[in-house]
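Below sits a lone chain in structure tokens, taken as the form predicted on its own.
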């Protein structure tokens, strides 16, 4: 679901980035007003959860891969605005350090995964929880909210891909950016998420919340340091298990490189055609592209990337929390 650069036109990227500005502004104000100094570091823990979950690639129908995001999970634990901030920072780190998602398309990726997913998932969860006033209702809300949230995010991503060949063409009528129309992008993105990725999102959400409720109830809400050891233990376990994410063969739909998409287009009967905007578009060299560390075996590089990303996120929010002044 991470849209790379040059799949969307610069105009689309600008619109999506512009749409996120008021969301980010509102989220920052809400977090500053509602979260105490001691609770802000929990945004880093939430960002670490999302970052690690996105490293667990799972095989999807059609030979592609996908992953959970943890959007509804974080919205339940931190509130939707806190989740928006946490996922935004995680996505920024992924794009800048690991080349997972584009720099120009950062706003679009945030719109899908840091806005649509957590807000839709959270309010569906709340609606079901308030309608079925029992523990069963809470778990139904978690499952349904997380499932619907990630599928709505996948649908938005598919639409952003699919409108490109409609709006942006060269003189010969060929697509300048993503070449797949809505009739291809929507089923290619949505069906695998409906069948597999949505279920994975729901399973991760329920499992992690159950774990936190059992070993560290109230830790996210109260920010009590003495209750956080088990949560950090869970993060360490997820870091150690991240090499499982490289077992899934294939590339996520819509995240192919220029050579890969050229081969795919040739297989689709468009031999010799690669969209000009993708061939000659924006290029950015990430520090650790694809979570691979030069000179290390792939699993070791993946774990090292997980450690680095998790540490950066947690430290960043700890520093942010230390800068916040408590109100009298």
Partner chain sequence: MIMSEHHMGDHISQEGTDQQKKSAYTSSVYTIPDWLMASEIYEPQTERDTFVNKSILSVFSLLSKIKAQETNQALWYDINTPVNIAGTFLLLLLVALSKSFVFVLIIGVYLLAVLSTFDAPRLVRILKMSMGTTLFSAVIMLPAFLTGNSYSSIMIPCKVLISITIMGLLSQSAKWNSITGALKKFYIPDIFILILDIAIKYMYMLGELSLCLFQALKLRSVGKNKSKYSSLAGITGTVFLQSKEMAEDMYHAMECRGFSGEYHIIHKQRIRWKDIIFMVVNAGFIVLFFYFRSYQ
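Numbering follows the first chain given and starts at 1. As the structure is a computational prediction, the values presented were derived from the model and not from experiment.
Just so you know, the form predicted together with the partner chain exists too; it's not on screen, but the next bit is about it.
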The partner chain in the predicted bound form reached by all of 15, 128 and 130, non-hydrogen atom within 4.5 Å
no
Counting only non-hydrogen atoms, the one stretch of 293-301, 65-73, 26-34, 47-55 within 4.5 angstroms of the partner chain in the predicted bound form is 293-301
Residue 11, heavy atom within 4.5 angstroms of the partner chain in the predicted bound form:
no
Taking heavy atoms only, is residue 19 within 4.5 angstroms of the partner chain in the predicted bound form?
no
Let me know which residues along 296-313 have a heavy atom within 4.5 Å of the partner chain in the predicted bound form, or say none if there are none.
296, 304, 307, 308, 311, 312
